[in-house]
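One chain is shown next in structure tokens, namely the form predicted alone.
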Amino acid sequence: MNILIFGPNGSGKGTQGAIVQKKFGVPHIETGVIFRQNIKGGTELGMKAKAFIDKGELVPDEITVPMILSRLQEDDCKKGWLLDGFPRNLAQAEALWKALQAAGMKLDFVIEILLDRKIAKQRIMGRRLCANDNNHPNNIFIDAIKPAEKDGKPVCRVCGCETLTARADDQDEDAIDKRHGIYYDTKTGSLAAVNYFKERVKVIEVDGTAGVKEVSEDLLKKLS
């Protein structure tokens, strides 16, 4: 089963991707990891990509797409894959689709996690990190994982740690708005890419406002 997954920052896309990976036994492939592996391994494509990255420029699709395609053709992907983080816009969607078609690779499903832009931003800015374990889920804007209280102060809902902090980048509204501006763009951005695939494969939509369990149950039901 070959799958693309879309969702704005704050939608829980990474969490749901991990659940799908475990359920179907396919690798969860993130484009950032592909870049790092190619650069570290000194591949031809990796070195070409590094030249652009070192100059602070975006890596062209003619480098990115072959790099991704090569990863999708590795042995661990024979039973399928879940691609996360690409394509980010309409042009990349068109390039990836053409590459998959040329390679004779089928795309079975596209997952789209639906979430209002305002809620997505709140979720990002509401994240709180536990000093004992950053994996303890705490978010001041999500009732299901809202921090507990002790003496009128927020504490980790899992272990009771009294030190909860926010990541600096989670509080950078300009950066969040810029990322979301690309994602929610229906003309050339990520949502334009989703709409492109809707004309070609089955797109599974799930409501991202629900809890993690509810979202995953709905998603797995629609994938089965």
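Quick caveat: nothing in here was measured; it's all calculated off a predicted structure. Between two forms, the rigid core is defined as the largest C-alpha subset superposing within 1.5 Å. All residue numbers are counted from 1 along the displayed sequence.
Note that the form predicted in complex with adenosine monophosphate isn't included here; everything after this is about it.
*Asks:* Is there a non-hydrogen atom of Arg123 within 4.5 angstroms of a non-hydrogen atom of adenosine monophosphate in the model of the complex?
*Replies:* Answer no; every heavy atom of Arg123 is more than 4.5 Å from adenosine monophosphate in the model of the complex.
*Asks:* Report yes if any heavy atom of Leu58 sits within 4.5 Å of a heavy atom of adenosine monophosphate in the model of the complex; otherwise report no.
*Replies:* Output for Leu58 is yes: heavy atoms within 4.5 Å of adenosine monophosphate.
*Asks:* Please check if Asn9 has a heavy atom lying within 4.5 Å of any heavy atom of adenosine monophosphate in the model of the complex.
*Replies:* Output for Asn9 is yes: heavy atoms within 4.5 Å of adenosine monophosphate.
*Asks:* Please run the contact check for Arg36 against adenosine monophosphate in the model of the complex: heavy atoms, 4.5 angstroms, yes or no?
*Replies:* So Arg36 counts as contacting adenosine monophosphate.
*Asks:* For the interface check, one of 191-199, 151-159, 166-174, 40-48 should have non-hydrogen atoms within 4.5 Å of adenosine monophosphate in the model of the complex; which one?
*Replies:* So the stretch in question is 166-174.
*Asks:* Hey, with adenosine monophosphate in the model of the complex, do Ile5, Gln73 and Lys98 all fall inside the 4.5 Å heavy atom range?
*Replies:* So, no: the whole triplet misses adenosine monophosphate.
*Asks:* What are the residues of 61-78, in order along the chain, with a heavy atom within 4.5 Å of adenosine monophosphate in the model of the complex?
*Replies:* Contacting residue: only Thr64.
*Asks:* After superposition on the rigid core, does the Cα atom of Leu129 shift by at least 2 Å between this form and the one not shown?
*Replies:* Yes, because once the rigid core is superposed, the C-alpha of Leu129 moves 2 Å or more between this form and the one not shown.
*Asks:* Tell me whether Lys55 is among the residues that move between this form and the one not shown (Cα shift of 2 angstroms or more, core superposed).
*Replies:* Passes the 2 Å threshold, so yes.
*Asks:* With a threshold of 2 Å on the C-alpha, tell me if Ala192 counts as moved between this form and the one not shown once the core is superposed.
*Replies:* No.
*Asks:* In the model of the complex, do the Cα atoms of Ile176 and Gly56 sit closer or farther apart than here, given a shift of 3 Å or more?
*Replies:* Closer in the model of the complex, by 3 Å or more.
*Asks:* Given that the CA-CA distance for Gly46 and Lys98 shifts by 3 Å or more in the model of the complex, does it become closer or farther?
*Replies:* Their C-alpha distance grows by at least 3 Å in the model of the complex.
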